[in-house]
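Shown next as structure tokens: one chain only, the form predicted alone.
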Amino acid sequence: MKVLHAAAEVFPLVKTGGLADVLGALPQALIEEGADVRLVLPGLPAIKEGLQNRVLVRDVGALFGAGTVSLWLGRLGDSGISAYMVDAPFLYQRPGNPYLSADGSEWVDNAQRFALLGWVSAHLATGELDENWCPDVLHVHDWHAAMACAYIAANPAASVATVFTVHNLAYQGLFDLADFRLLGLPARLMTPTGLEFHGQFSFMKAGLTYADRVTTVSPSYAREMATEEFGCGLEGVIRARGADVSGILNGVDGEIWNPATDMGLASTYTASTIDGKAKCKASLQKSLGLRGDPKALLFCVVSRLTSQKGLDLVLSALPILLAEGAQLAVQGNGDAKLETAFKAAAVANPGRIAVRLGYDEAFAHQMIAGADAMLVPSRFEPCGLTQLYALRYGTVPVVRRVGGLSDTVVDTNAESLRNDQATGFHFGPATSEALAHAMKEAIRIFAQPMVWRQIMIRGMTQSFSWKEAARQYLALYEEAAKSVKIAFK
């Protein structure tokens, strides 16, 4: 089975969220299951620098406002995975975020930038750009690459199967109708049953409408996307796809996230040598200027600071956290108001609250290893990866009961403790009161060391492997490819 993945990010070269982690791990897991896998990525500066042993595949010409476009094939660093790079300096050679300018606004030519990624992906998938390799399945990730599905749908001769994965439905790639003419697609696609979306056109809708199969990153989120509460206006499109929509839970890269081998920690540890985690906590408290108190439950947040992630709820619940004698460590950046509020809380509560703005991958490992509990109070969460990392490191997640959070964390109660199934704490409504109640319950259980240890160890022994996810994707690819072959008979 030959599979081409199209995406805008890949860990460790370019990362703004969990999408990059998925593209850094899933292709490797598919290869280990016997698939022939390649990626196609935009020629962003870090990707261009990180693509090794690259050779020119095709000079494509001038497209989407770029004077020159060329396609290169190389290897992604130590992974050895083959990847195509769309080199279009006018569109991609820019500093900072792949999607945003320095002032936080979207690049004004994002429609062209990511239509080019979709166009090249589609033409690669149909064998027009590389005569030496043609995939059976094109797997497209999020809105950035989703227009590939529309380009394939516009070509009656295209017989490649397409799979589209939604990593976050809230980011849809919406653009002015006047820009549709730049895409080179037939006008018949610009209808309410096609790409048109409330007076704009939507890249996300291209994937949802035209892919042969649609997936998302957890079973619960697959169901939630079809509801008005979580569908972001696209719930009708998703419901119309019926059984074509499914959820496959993300995995964790066990080589990167492993407390037994993580040399960046103050002490490595395992589920059977878990006492080493106490050294990580003491080290984290010292480095952040928190009081060196092993009996204070240390909560952590490692996240983008946005309302989607529910971090305003954490701010509102701080009086309860402080009154209960707990501590809080935060790493992340995002909304300026949230950044300011967390910094102010740290200044007002020295030794109790510590904040590091920005994202540091190595320090994120130290945060997760050193904390006792991880706060993930998201208003919605397609899958979530930080709670999976927390489980691996014996850091007990406190999560809202939504999406992948509810699929991966077992709430602590009398029954789950009795059956040795508890791995964390749930709360329901997106309110500070509900979060505070869950935090107080965590603090209550933390005061019972043997029970807390049981929860930690159960979490560490959970298996969220990419191997299982890869097997599910391969089964889906076979199903999609079979349906396309039947359609073309």
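For every residue, the number given is its place in the sequence shown, counted from 1. Please read all numbers here as calculations on a predicted model, not as lab measurements.
Another form, the form predicted in complex with a small molecule, is not on view; read the next lines as being about it.
With the small molecule omitted here, the record of contacts in the predicted complex names 376-384 of 341-349, 152-160, 237-245, 376-384, defined by a heavy atom within 4.5 Å. Within 4.5 Å of some heavy atom of the small molecule in the predicted complex lies at least one heavy atom of Arg304.
Although the partner is absent from this view, Val10 stays clear of the small molecule in the predicted complex, with no non-hydrogen atom inside 4.5 angstroms.
Looking at Thr209, you'd find every heavy atom of it more than 4.5 angstroms from the small molecule in the predicted complex.
Mapping the unseen interface onto this chain, Leu19 counts among the residues with a heavy atom inside 4.5 Å of the small molecule in the predicted complex. Of the residues Asn258, Ser79, Gln308, Thr126, just one reaches the small molecule in the predicted complex with a heavy atom at 4.5 Å or closer; this is Gln308. This chain appears without its partner; in the predicted complex, the one residue of His167, Arg392, Lys281, Arg113 with a heavy atom within 4.5 Å of the small molecule is His167.
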